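Here's a solo chain for you in structure tokens, the form predicted on its own.
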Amino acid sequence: MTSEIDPTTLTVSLFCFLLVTGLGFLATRWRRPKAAYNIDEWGLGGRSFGTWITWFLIGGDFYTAYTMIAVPALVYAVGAPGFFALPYTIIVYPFVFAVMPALWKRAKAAGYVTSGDVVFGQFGSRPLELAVALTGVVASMPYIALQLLGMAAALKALGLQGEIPLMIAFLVLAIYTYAAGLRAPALIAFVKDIMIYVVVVAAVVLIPSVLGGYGAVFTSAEAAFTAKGSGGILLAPNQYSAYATLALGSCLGAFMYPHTLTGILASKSANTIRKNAMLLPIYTILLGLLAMLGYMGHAAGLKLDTPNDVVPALFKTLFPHWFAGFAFAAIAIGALVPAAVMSIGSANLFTRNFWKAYVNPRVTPAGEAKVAKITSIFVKAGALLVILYLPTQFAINLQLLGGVWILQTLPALLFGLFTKWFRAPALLAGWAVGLCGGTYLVWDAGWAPIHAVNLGSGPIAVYTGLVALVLNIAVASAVNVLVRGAGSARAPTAASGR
């Protein structure tokens, strides 16, 4: 893929980026609250987002710029296993429909802003609250860094080399997120998603017509995998268990992340969440079409430095320059929405579950908003430093570990919604075992997310995060029996606020 600057492509991209930047700053006046500005307004948009805003917001930060680059790249590199994101983003929505309205009601009634708030309210344990909050922040940092990596891929395709363009994009993102809070990514998500839909529909209609149809695309992809000696357009029998458990584990962990939970808590009602659980699978169709670009890369005979170049190279090779500019802008803007929501979610966790809990318990609501706004800048700066000064593979490994880690917060966050049986020390012990055990298994497998488990009929490949979660729940249950036997009482659920 060439890296020369094309004036037409660059001009169209800059125009789209400036348009969205203007919207980001306009968001400071959009749905401006009448009441005093607090963390509810800055970090959750006043908990007032209806069905469509929530749909665009959650879709915008769930289907990220890195997804647009990484999913086709994985399909290009390994074939069928790269489609695991499809079942994962199908089964996740029944989970959201069944579980998240209960979480929203608990958070709304008690004024909870973060997962740490919910855990402290349910169990009254500062250590458990801190464990959940710290896991959320640490797991989010590499996730934000990968969004910047997706943006860097788009900038590279535009011929913008070096660190300056990425730093400018970071500054723009930081400034309007600071000023408008969650309203900025919510407003930008409308434009971003429309652009993405236009790009993907154009790609899946026009590219196969140029390459001889979908039959030719699949034939070329299979021939490429056969020549390479690995991968294929169908799963091998020994990949079934890895594929299924990866989808299930990813589904369970998806809405434990601070950014996805922020979208849930910003909804105006439990019914809004249920409606979105029914509407959000439309994005899964988009994801499936996007993944097909990986196969199209083989059919187009692309010569790539890295699989991450497959989508930019397709657009640069097969589309007019102006449309390539539109597509690269869509990818770059696709990084802004999730990166903004992720930094806001992490800032909320720091403010509520560290600053207010340990540094300044008497901080005012306005003071909370100020701390969160400043923290959001530091979070984004940290992610930028990861991209600039650490090897890319390190960020990817950290994000992989982040997925395993965030899954270990599920018992502490959700079990208290449906049962009063568990005690905080037991959940804390389960979290520690799941976190440490999962980290060891990922490292032991050479930073691969799959681990061989022997269930008596021979080893099968299973997603490491799911293995760690089973360990987590088993340890929490065993310790809970001992704790309850010792007469430990459960802390009462907080009635309101913090």
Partner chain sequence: MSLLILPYIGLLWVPLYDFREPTLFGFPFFYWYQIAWVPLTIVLIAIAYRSVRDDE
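Positions refer to the first chain, counted from 1. Since the structure is predicted, the reported quantities are computational estimates derived from the model, not experimental observations.
Missing here is the form predicted in complex with the partner chain; even so, the following discussion is about that form.
Inset, instruction - Given that the partner is absent here, state which listed stretch (325-333, 139-147, 107-115, 228-236) has heavy atoms within 4.5 Å of the partner chain in the predicted complex. - result: Heavy atoms within 4.5 Å of the partner chain in the predicted complex occur in 228-236.
Legend entry - Option touching the partner chain, based on a heavy atom within 4.5 Å in the predicted complex, out of Val371, Ala224, Leu302, Ala277: Selected residue: Ala277.
Inset, instruction - Let me know the one among Ile387, Met292, Leu318, Leu166 whose heavy atoms come within 4.5 Å of the partner chain in the predicted complex, would you? - result: Only one listed residue qualifies here, and that residue is Met292.
Legend entry - Partner proximity in the predicted complex: Leu414 to the partner chain, non-hydrogen atom cutoff 4.5 Å: No.
Legend entry - Tyr197 within 4.5 Å of the partner chain in the predicted complex, heavy atoms: So Tyr197 does not count as contacting the partner chain.
Inset, instruction - May I ask you to check whether Ala80 falls inside a 4.5 Å heavy atom distance of the partner chain in the predicted complex? - result: Result yes; Ala80 sits at the interface with the partner chain in the predicted complex.
Inset, instruction - Could you confirm whether Ala247 comes within 4.5 Å of the partner chain in the predicted complex, counting heavy atoms only? - result: Answer yes; at least one heavy atom of Ala247 falls within 4.5 Å of the partner chain in the predicted complex.
Legend entry - Check all three, Ile90, Phe95 and Asn271, heavy atom within 4.5 Å of the partner chain in the predicted complex: The answer is yes; Ile90, Phe95 and Asn271 each reach the partner chain.
Inset, instruction - Pull the contact list for 211-231: residues with a heavy atom within 4.5 Å of the partner chain in the predicted complex, in sequence order. - result: Sequence-ordered list: Tyr214, Gly215, Phe218, Glu222.
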